[in-house]
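Coming up, as structure tokens: structure 1 and structure 2, two forms of one and the same protein chain.
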Structure 1
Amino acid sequence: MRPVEEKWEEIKNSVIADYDISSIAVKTWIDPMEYYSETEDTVTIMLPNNKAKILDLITNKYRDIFIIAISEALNNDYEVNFIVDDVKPQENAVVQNTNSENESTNSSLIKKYTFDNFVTGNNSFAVSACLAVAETAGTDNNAYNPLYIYGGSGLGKTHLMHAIGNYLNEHNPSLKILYVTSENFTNEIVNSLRSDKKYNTDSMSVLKDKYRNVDVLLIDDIQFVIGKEATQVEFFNTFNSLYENGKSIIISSDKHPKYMETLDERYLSRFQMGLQVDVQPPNYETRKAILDQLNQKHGNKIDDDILIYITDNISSNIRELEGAYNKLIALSRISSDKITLEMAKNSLKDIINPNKTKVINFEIIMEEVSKHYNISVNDILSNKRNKEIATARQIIIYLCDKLTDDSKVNIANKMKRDHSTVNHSINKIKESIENDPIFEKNIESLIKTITSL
């Protein structure tokens, strides 16, 4: 007889009801929990493998709650352990990402960006980490500080940033939360410095108070701060002040801090003190789920065969996915006829052209790598040998060999290098991919970007 197993669902339901756990926390933390085993005095609860990195957080947050719930259900005291199932495949949740701005709170948060309407898909760990930060900000168990969210444009980083802030506004309204884009942060610094110099004001002191007297600071697209000396210095002084006082810092960027070439080593170490999570391009199921949710929101005005057509042909960017759908909704409002697949194809021909042959060449790869690493083409083709430029150069050679029909001799000529350098570069990148998972993900991201152009 296993009394805990028999009453497992009842126990979970009492945990949810008695402790007023939010719906997103139920979906993220409680629902995935499964009964695993029990002895006379210990109950073991199993979590899916995508919760492995946050096992300690879940244990600290829910262990005592389950001890009480089990005791009340069975009138018997049990110890509770949590384990991770390393065999069970990771489950995918569902998420929608939107772009249009909505009514903002006084902390500049867009209310419509929440955890509940973010289609998780293949980004379950990123969502779990963001929720963990939202649940622990302002407490002694301030998880993963700083949290660094990175990934390509249009994948949902900003949505997750606002979701954290909105969750805090709802569940911990006493906290002072400040969300700012790096562009606005930079403008405020520049304007304050100018004002102090021109009018002998005290604007910088006021600005410092604004940013350093908060409980949670969220800065979006931090890559635009890096390299601007005055802004960069002020940001890191603010960062240090908040961190030393136990305040939460959430940052987003287009790449892992390790690949921000102009980032000083002392700043790199600060970014890597907490947790870095990447937001991946949506897989097929996630893209379809996003469109299905959008369609449901609009009364299922678009037929499923059209949604499948969009899903098949837009793969790298959620923003483009939603843009295609919104264009069809606009068409449905001005057309008296039902939207057909042919009408959709004609309307979306500036976005989708499945018959167009994708030609990947040296120039495209050079442009994308240059943009990705924020290094000029002239520097890449120069004789400069610093590590950042040399790595970008090697990546271009590797990608040209992998993605184009160019011979190694042609690649060498275009890169203004000799044949041996090309071979060395290819082998060097292959070795880095094999030995560095972060570097491997970075190369995969570049390939996805280039092949989706």
Structure 2
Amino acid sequence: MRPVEEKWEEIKNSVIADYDISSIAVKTWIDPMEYYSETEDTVTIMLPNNKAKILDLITNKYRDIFIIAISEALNNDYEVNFIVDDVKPQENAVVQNTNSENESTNSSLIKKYTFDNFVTGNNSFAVSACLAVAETAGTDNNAYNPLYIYGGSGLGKTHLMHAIGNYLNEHNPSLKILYVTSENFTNEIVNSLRSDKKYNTDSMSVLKDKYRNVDVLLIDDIQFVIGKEATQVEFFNTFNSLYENGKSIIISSDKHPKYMETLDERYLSRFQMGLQVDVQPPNYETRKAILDQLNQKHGNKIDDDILIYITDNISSNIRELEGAYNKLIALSRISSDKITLEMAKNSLKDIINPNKTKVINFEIIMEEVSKHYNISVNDILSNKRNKEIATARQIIIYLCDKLTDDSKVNIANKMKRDHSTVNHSINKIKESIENDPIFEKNIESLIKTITSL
């Protein structure tokens, strides 16, 4: 089974659960949907023939939702098509026709990841290096071999690798280009070894041929190969064979070779022969530019203040940035009103800072207590001795001691009191809490308000 096919039921269920789709809509639209086919980058979903008339409507309403649900289930982005029973989708026919060896090798590339739609931003070094490699890989003067791209998750490594592959495919179509994730590479090796042992076949040498006959090998997320003995040995044999024959190798990893703990010295030096480039987390302008580009693709459906909100709040991972945007697009499909900033904040609350530890400080406590007892900040900080004001003061001191990192000396300074007043206030409030259940409730509710702001 292919990846989406395997998780089809799960994907359908998450569509139903996550988007608040009414039970009648589930029965009418979602239940009858069937998995039809998938390629590297497109999933086709089939509707029963009686839905032919409303194909456009369904596509409009559910396409983005499925894109997101699939992306969440598989950590991989696919386009989604809907077809009606018996109508064959175009891209399927194309895939079935890729008989020539070259095309089937090069079809491991995801077409939508190109240099054109990669926002360079603060990654001009990485992009230049990748372009230089794209212009020369597979030729006699291939620059930077191997090219080693490293950096954190969701920063664009996979995108850049496919961009190199697609560029080569376009400008130098006779080259055999093979892109593989190290997960697939590992699976292929493990399966071949198993099959050869069990059935006495020769699939391992077929596999070796496949990898050693390419002009350009792109291997993604190499960290998953390193440390797995059989796969690692096979990888380095392949690496050496390609390298010695002047073929190009492009590797990605989550860390610099130096920091790959299980990498042998002799392999380390091989990775370092070419060029290592790191992909940097995007700065503010880059993040905004990526969102602008996405928004343009979707007809500028989302307002700029919302894009700025996402830019401000998701800073370390472009996959999450896109995820947030896609969620809003899906929301806009199912809601009849234009998305407002409030709606966006609400819909993104699980993505944006889910465990942000709130910093509670003197100012926040002062403001809340002042509001709660309707006493001005000036009065609280004054020398007035009125009982209500004095109690508010003591509560602020008690809460600062309990909820912030401020030392008692600090609290005293901020409250314009001396150290002994701080101690006295804390004890006084503790005592009242112990002796007066209503007061205790009051303080509890204040704390609740302050900590959930």
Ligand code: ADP
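Just so we're on the same page, rigid core means the largest C-alpha set that superposes within 1.5 Å between forms. Numbering for residues begins at 1 and runs along the sequence of structure 1. Everything numeric here is computed off the predicted structure, so don't read it as measured data.
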query = Looking at both forms of the chain, which one is the form predicted alone?
reply = 1
Yes/no, Tyr373 Cα shift of 2 Å or more between structure 1 and structure 2 with rigid core fixed = yes
request  = Could you tell me whether the Cα atom of Gln272 shifts by at least 2 Å between structure 1 and structure 2 after core superposition?
outcome  = no
request  = Note yes or no: does the Cα of Glu79 move by 2 Å or more between structure 1 and structure 2 after the core is superposed?
outcome  = yes
query = Rigid-core fit: what Cα movement does Arg385 have between structure 1 and structure 2, in Å to one decimal?
reply = 63.7
